[in-house]
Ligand code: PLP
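Have a look below at one chain only, the form predicted alone, in structure tokens format.
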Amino acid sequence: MTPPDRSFAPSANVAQLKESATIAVSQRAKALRAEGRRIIDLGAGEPDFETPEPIRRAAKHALDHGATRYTATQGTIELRTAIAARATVRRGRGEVISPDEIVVSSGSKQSLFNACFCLFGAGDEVLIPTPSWTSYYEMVALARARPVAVMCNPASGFRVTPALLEAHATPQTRGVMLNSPVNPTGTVYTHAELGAILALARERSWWVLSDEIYLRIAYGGAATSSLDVAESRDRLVVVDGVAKAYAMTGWRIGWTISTVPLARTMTAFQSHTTFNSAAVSQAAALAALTSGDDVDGAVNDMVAKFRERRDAALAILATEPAIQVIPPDGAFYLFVRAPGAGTVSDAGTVFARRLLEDHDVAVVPGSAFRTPDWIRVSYATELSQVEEAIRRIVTAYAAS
């Protein structure tokens, strides 16, 4: 009897899917630590701070009072009301944003995927300013649309411009992914820059997915939201969450602010995938948004520490004049050009491998962001570790 064929071949839905490079680096660093290596992990995009105590206290209270069951697919009315109230204040213009325009999901990553899957499909093209977060390209592709990488200029901090977007647009262009502050570069778009991009998108009838998960982590004053500048929200989806600003990556709460028809569609889609986000996590997110000065003070302290680490890292990198780095105005990343860029194939991956295997420093190769000559360095770890790791990077760079 012929044994059954137990070989595995993935479906066409995921045949081209690539593992998240950022997660892969973190897992490799953890594996080396388990072997006894003293790895400094500058790969993860995760704040190293504890979730503020008032949020944790609210979560414990919620658990003790029954936050263990299903909620509405769209999110609890209390959390959606708090999100809508904040968005209304931000929006101004006398425009009231309704809780019905909010969909709460299990992290901003799911929020982004929901929007991509519900807006784009076969034959559509979506413009992605590059470098951008690695998952944007995969999400668009999973929706069976075509991600179009719009390569930006490092001389301008890799900012995308309306002219660049127009140069890559076709009659099939249906949307554009925006992110500010930007992962991986830390670039922050000004009010005028963001306004010009949104004006072009409105003129071309493109959907804009504005990822604002790092919005509160900015060093030159408050970063601009698309809600601040958009003339119309008819084709705007703002994506946010509690992961980065409130050090709540493990709580898995994100949301979209869009229109009622799109919110209904994303809610229906989510009802067949994950249903609702964890009830206790929604209670914690509500506390993050409504606890006032206690939580906001903790956020401000965290941002101040990120700024201190950024400044220390930039000062050490400046001791090697040959190193090219994008000075970040937000988020908690440095984008550094690898040695051999322009002459060595995939120089960022080569350098990242050398840093990990020979210098015990984990970073993410730029190929994850469609920029193979660069590496992303996270400074979301304590100052002494950041300084030591950056010194090792400078040493490795000088020896290349």
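Given the structure is predicted, the values throughout are model-derived calculations rather than measurements. We number the residues from 1 along the sequence you see.
What comes next is about the form predicted in complex with pyridoxal-5'-phosphate (PLP), which does not appear here.
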statement: Testing 74-82, 213-221, 291-299, 314-322 against pyridoxal-5'-phosphate (PLP) in the model of the complex with a 4.5 Å heavy atom criterion leaves exactly one stretch, namely 213-221
message: Residues Leu112, Tyr136 and Arg252 are flagged as a possible site; in the model of the complex, is every one of them within 4.5 Å of pyridoxal-5'-phosphate (PLP) by some non-hydrogen atom?
response: yes
- prompt: Of the residues Gln282, Gln270, Asn183, Thr256, which one places a heavy atom within 4.5 Å of pyridoxal-5'-phosphate (PLP) in the model of the complex?
  reply: Asn183
- request: Sort through Thr265, Ser108, Ser225, Thr173 and report the residue having a heavy atom within 4.5 Å of pyridoxal-5'-phosphate (PLP) in the model of the complex.
  value: Ser108
query: Within a 4.5 Å heavy atom cut-off, is Ala243 in contact with pyridoxal-5'-phosphate (PLP) in the model of the complex?
result: yes
query: Applying a 4.5 Å heavy atom distance criterion, does Asn179 contact pyridoxal-5'-phosphate (PLP) in the model of the complex?
result: yes
